[in-house]
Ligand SMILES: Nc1ncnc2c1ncn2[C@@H]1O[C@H](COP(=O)(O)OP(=O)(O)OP(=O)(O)O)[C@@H](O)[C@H]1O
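We begin with a single chain expressed as structure tokens, specifically the form predicted alone.
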């Protein structure tokens, strides 16, 4: 798996970040406080959220208000695009997680997993949830049939 694009919105120091065309190996250099560690924390956050839940992953970082960029409007958004072999073909996969707050509690506003099944057309969404409702396709290995 190779990550090609990282998009962040309102995640700690990053009110808006888009890194595209990432090589197989990237080195990030910068002054203290510019977000190098925060960039890597995105992956720890996602791992913890997927293994447990978003609330506990946020709580480990001080809660929603501490993770959300200061003085920002809108939700926390994390989007990754990466290449992954699926059913014998390398495909561009997009994962999007959007976290908001409702009654002082974090809520998953949107979670989407999509990838192109063919050369043309728009990506097919295999997972799409919004505020607790949605769907997940469980037989994606048969999508060529």
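Numbering follows the first chain given and starts at 1. Treat the numbers as computed from the prediction; the structure is a model and nothing was measured.
Heads up, the form predicted in complex with the named molecule isn't pictured, but that's what we're talking about next.
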{"property": "Residue stretch of 66 to 74, 97 to 105, 47 to 55, 83 to 91 approaching the named molecule in the predicted complex, non-hydrogen atom distance within 4.5 Å", "result": "66 to 74"}
{"property": "Heavy atom within 4.5 Å of the named molecule in the predicted complex - residue from 114, 110, 117, 36", "result": "36"}
{"property": "Distance check, residue 31 to the named molecule in the predicted complex, heavy atom within 4.5 Å", "result": "yes"}
{"property": "The named molecule contact at residue 128 in the predicted complex, heavy atom, 4.5 Å", "result": "no"}
{"property": "Residue 17 within 4.5 Å of the named molecule in the predicted complex, heavy atoms", "result": "no"}
{"property": "Partner contact for residue 12 in the predicted complex: the named molecule, 4.5 angstroms, heavy atom", "result": "yes"}
